[in-house]
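Listed next as structure tokens is one chain, alone, in the form predicted on its own.
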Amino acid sequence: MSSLLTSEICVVGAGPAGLKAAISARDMGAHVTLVDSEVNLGGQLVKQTHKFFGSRGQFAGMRGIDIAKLLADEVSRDPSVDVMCESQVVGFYEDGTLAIEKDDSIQFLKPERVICAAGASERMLSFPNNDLPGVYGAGAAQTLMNVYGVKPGNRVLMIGAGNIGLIVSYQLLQAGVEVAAVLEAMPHVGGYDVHARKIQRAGIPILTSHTIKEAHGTRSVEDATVWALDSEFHPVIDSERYFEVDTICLAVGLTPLTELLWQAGCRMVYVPELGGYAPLRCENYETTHPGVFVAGDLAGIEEASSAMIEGVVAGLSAARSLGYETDGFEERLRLAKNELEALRQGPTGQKVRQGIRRLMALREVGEGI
């Protein structure tokens, strides 16, 4: 059996939330172990070539790939942060021990606090022949293009007009891939107008109240049939259209990766506005399991800017729970929470606001699984 490693705070996941959590806890004086399954730190940021907007504190004007490098460099050169890449946390035991798979062996780490920031997985969509080669999650296509420099196909049909579908559609164009159309089952575009207008100016049609009916092909995708949806989301008879494409990208939502929280015994509730099962937590992002904090998409699906700020709140709070205090702590925590609230304003944040209200109401009455 491997020897038992120790740490004050273990951050699981080195995406935008995890990196900011590690940096914030370190700033308080805590020793941090940062664990991630990938070769490089940054999570989804490493494939985001678009510029962020918002405030200066949210890296407005910087591209995700540059934000990832900046944050990764900050934690990598700090001796108070132990970085474990290509390492997968596969177990969370009752006594708080984490089992970490690395190099075909298992190591055991027992931290005093855990911040889970494992992110989310892409949802798939059921339709005939959805298992043909050429059907990708939009994030997988983005990884091929922006991380490995590989075009996923030559002509793409994008399913989903949320921010991911819109952004990846534009990035496909930048990579020299033709985008035949973007379909959206809702009667309106779900992503930000700025992203929608950008691809419309490039000549890509966005078909609202439409979805895919079937993919066609023998060895791989050769074309696809789509159809219109009525106000009840039922297919409209005789509304079929055909698109000759070799690739179908699915941008139909994300699901929080909460497996470790279930193992830890955190109380979970189903909140559709946040992407599925989410952990009950307090305003400082501590779950019902004392000493286990959450941040980012694992806590509820949002944008990377929100994930980073949640990481700040979780990192500060976890370190303070260990007795660390710094000048200006309360002000820093207050500013982070105010930034989160500001990000969630307006029509685009309504869904998240509803989800968080539901989550907090359920916590008040003690519900959960």
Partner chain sequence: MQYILTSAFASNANSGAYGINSAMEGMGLVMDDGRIKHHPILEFKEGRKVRFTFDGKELEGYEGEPIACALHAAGVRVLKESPELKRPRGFFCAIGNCSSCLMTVDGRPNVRVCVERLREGMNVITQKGKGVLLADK
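These numbers come from a predicted model, not from an experiment. Positions refer to the first chain, counted from 1.
Below: the form predicted together with the partner chain, not depicted.
With the partner chain left out here, work out from 316 to 324, 36 to 44, 329 to 337, 23 to 31 which stretch has heavy atoms within 4.5 Å of it in the model of the complex.
Within 4.5 Å of the partner lies stretch 36 to 44.
Does any part of Arg201 reach within 4.5 Å of the partner chain in the model of the complex? Heavy atoms only, please.
Contact with the partner chain, yes.
So, in the model of the complex, is Asp246 in contact with the partner chain at a 4.5 angstroms heavy atom limit?
Asp246 belongs to the contact set for the partner chain.
With the cut-off set at 4.5 Å between non-hydrogen atoms, does Tyr170 touch the partner chain in the model of the complex?
Tyr170 belongs to the contact set for the partner chain.
Would Arg219 count as a contact of the partner chain in the model of the complex, using a 4.5 angstroms cut-off between non-hydrogen atoms?
Yes, Arg219 lies within 4.5 Å of the partner chain in the model of the complex.
Only one of Gly275, Gly190, Pro111, Gly153 comes within 4.5 Å of the partner chain in the model of the complex by heavy atoms, so just point that one out.
None of the other options qualify; the answer is Gly153.
Sole residue of Leu250, Ile100, Val75, Leu280 within 4.5 Å of the partner chain in the model of the complex, by heavy atom:
Checked against the cut-off, the match is Leu250.
Residue by residue through 138 to 154, tell me which have a non-hydrogen atom within 4.5 angstroms of the partner chain in the model of the complex.
Contacts from 138 to 154: Ala140, Thr143, Leu144, Met145, Asn146, Val147, Tyr148, Gly149, Val150, Lys151, Pro152, Gly153.
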